[in-house]
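Only one chain is given next, in structure tokens, and it is the form predicted on its own.
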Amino acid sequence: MRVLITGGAGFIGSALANQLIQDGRHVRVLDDLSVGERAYLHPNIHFTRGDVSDKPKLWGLLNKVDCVYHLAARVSVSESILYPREYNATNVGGTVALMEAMRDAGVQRVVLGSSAAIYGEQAQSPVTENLPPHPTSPYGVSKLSAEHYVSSIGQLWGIETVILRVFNTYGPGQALPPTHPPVIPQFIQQALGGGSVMVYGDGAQIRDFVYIEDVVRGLVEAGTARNVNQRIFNIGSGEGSSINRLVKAIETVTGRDLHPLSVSTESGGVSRLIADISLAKELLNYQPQVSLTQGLRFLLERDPRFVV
């Protein structure tokens, strides 16, 4: 089986690429290296640096490919508020360009890495895939638009489509940029450095934190599962943790005090967002295996940036 992973040198993409190589697949990666690192990838992976909107480059990479994992995207909610046009260009325009190239190359399946950000504030929890989306950021809007393009173009051109709405993923190798960093590596870095952590809102907001290996398991299954065309799946842990609980868990695994400081002037986002993973369990044989505490311990053991 031959696969192409767009954004395959990023956090989730590289973990998926390395797993597929271990499974005996032929893996091609396209990444512009704006965030990803080529060094993350197994040497047997065929790497190409480039933009996901570059159709001539895509035509060559898609030759004889069985499945595309489309993970190339800008992914910061906060950043998207500042740069909505750039998020639309990459997350929506790049998706449409890829689907056009797949049509031209005759590729039969695409797995889109979407996001829980499309849900926004919901009265129901955990959230199921059939709830009406209410994205609250340009990032969420761009991912929802990408979903609609993938589904509609897939139907029109006979391409099998599987969409995975991935929740708050964490694990070794996750990027820690100076602005808008993900919460878990940021808190761990601050804990190990003896600093205070900034908790937006009251810290009572609930999130579904899912370890990278569990997300990869869901992606791998989505590439080959039968009878899942035009289906959307939540990929999370299925359990919620408040930001305050996350702080306590990081204190436990690091043995350090985090000294949380509440920032009430900025929103902590939606109040509660937990994945209902029943459908993924049923049709993708998806079963998360790593608890939050265990995943935090794995992160400390396996990421050389963090030394306790």
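Model, not experiment: these values are computed from the prediction. Numbers follow the displayed sequence, beginning with 1.
Note that the form predicted together with a small molecule isn't included here; everything after this is about it.
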- Item | Partner-proximal stretch of 162 to 170, 124 to 132, 183 to 191, 224 to 232 relative to the small molecule in the model of the complex, 4.5 angstroms, heavy atom | 162 to 170
- Name the residue from 137, 88, 174, 205 that puts a heavy atom within 4.5 Å of the small molecule in the model of the complex. 174
- Item | Heavy atom distance at most 4.5 Å to the small molecule in the model of the complex, all of 213, 241 and 295 | no
- Query: Heavy atom to heavy atom, is residue 273 within 4.5 Å of the small molecule in the model of the complex?
  - Reply: no
- Heavy atom to heavy atom, is residue 39 within 4.5 Å of the small molecule in the model of the complex? no
- Could you tell me if residue 11 has a non-hydrogen atom within 4.5 Å of the small molecule in the model of the complex? yes
- Task: Please run the contact check for residue 115 against the small molecule in the model of the complex: heavy atoms, 4.5 angstroms, yes or no?
- Result: yes
